[in-house]
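Next up is one chain by itself, shown in structure tokens, the form predicted on its own.
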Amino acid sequence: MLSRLELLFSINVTGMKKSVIRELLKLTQKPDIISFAGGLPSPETFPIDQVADLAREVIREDGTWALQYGPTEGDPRLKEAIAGFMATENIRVKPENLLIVSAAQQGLDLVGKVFVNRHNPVIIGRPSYVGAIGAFRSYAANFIGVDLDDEGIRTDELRMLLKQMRLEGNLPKFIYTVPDFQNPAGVTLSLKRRQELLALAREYQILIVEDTPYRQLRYVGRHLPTLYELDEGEGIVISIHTFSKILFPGMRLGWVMASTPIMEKFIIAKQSMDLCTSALSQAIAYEYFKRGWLETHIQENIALYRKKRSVMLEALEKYMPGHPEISWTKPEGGLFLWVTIPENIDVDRLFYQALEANVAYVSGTGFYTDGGGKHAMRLNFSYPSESQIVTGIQRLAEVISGNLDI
């Protein structure tokens, strides 16, 4: 039987790969290691007492609903609350165009399940979020990367690519992007690029999948309109959001916004996945909205992460070797920044030296599908303390310095 097992697996599962980040995190669990590897919110931000009280209240007063199966579309009360939350950012969405999901990752999986046939081309950034790569890879997508710069995805490169793909009769199903404080690079898609991206999607009749888990966590500058807002109801944009970064990840709640024809397919697809998202989590989230606590909580998160971001940028400036090939992004928000190092240093090999020095990062190679990222790394500043950030950057800088002449 074991000899035949490989023949029994589906085509989809044979294309799956373990998450690079999840595997690396197993190596960073020693208590003396300072880890910049995970994309973890700070436990300081978790509203433990508030949620404990809400959970108790919800179960006692609404337990017959909260402990039961719920509608696939989501708790109508929560959907109304989210629609109101979106309206504060000038994003108009009807509750029927909202689907409550088990965090953003399920939204990404729904996109893959509904739109991707085996070997369909999908356009992603270079680099791109590893969770999206994993979700689309499970449906055997063919990834085509477009480079990023300080303004986000390069629309000039994208324009030439789409022109060529149309000539070949092989246009992509969609373009996947994280426009606000991109994971992993930390860059933000400029307003000009957002408009150009939408214009290209309209011209070539393809979808845009907008993944925006960090949008509310802006520390400098001004908010830019979402692609969903700029779409103005044309139905080109699918927008995916999550509570994981603005409330806490253990809630496993998010929402997807899409046009009615797309939403109908998403609902059917979700029914075969999990029937419904946790009614208990939704009820707690609704009560959190109802009491007006979310905006205050977000502002507290912003204050904490803004300081941590500044500490990391200052430490990089102070301790990193002054080498022309060493640089890093300066994100306006989110949880990450992207460090580029000299081409003679392979970040995958350097990772184990860093572990010996008790500091960890995520190698850039995990965010590429074409072998790129060998000389880049992602650093997270939300999880470690300010003192750990300074010490960790010192350690990392020493490791890099020791490899500059190799």
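Counting begins at 1, following the sequence as shown. Please read all numbers here as calculations on a predicted model, not as lab measurements.
Quick note: we don't show the form predicted in complex with a small molecule, though the next part is all about it.
Out of the listed residues N183, Q282, T226, T329, N183 is the one that sits within 4.5 Å of the small molecule in the model of the complex by at least one heavy atom. Put simply, of I123, I236, A103, L148 only one has a heavy atom within 4.5 Å of the small molecule in the model of the complex, and it is A103. Within this chain, V178 lines the site of the small molecule in the model of the complex, having a heavy atom no more than 4.5 Å away. Heavy atoms of L108 reach within 4.5 Å of the small molecule in the model of the complex, making it an interface residue. At least one heavy atom of Y214 is located within 4.5 Å of the small molecule in the model of the complex. When the small molecule is considered in the model of the complex, T242 lines it closely, a heavy atom lying within 4.5 Å. This chain is displayed without the small molecule, yet in the model of the complex the stretch 206-214 from 86-94, 206-214, 270-278, 305-313 comes within 4.5 Å of it by heavy atoms.
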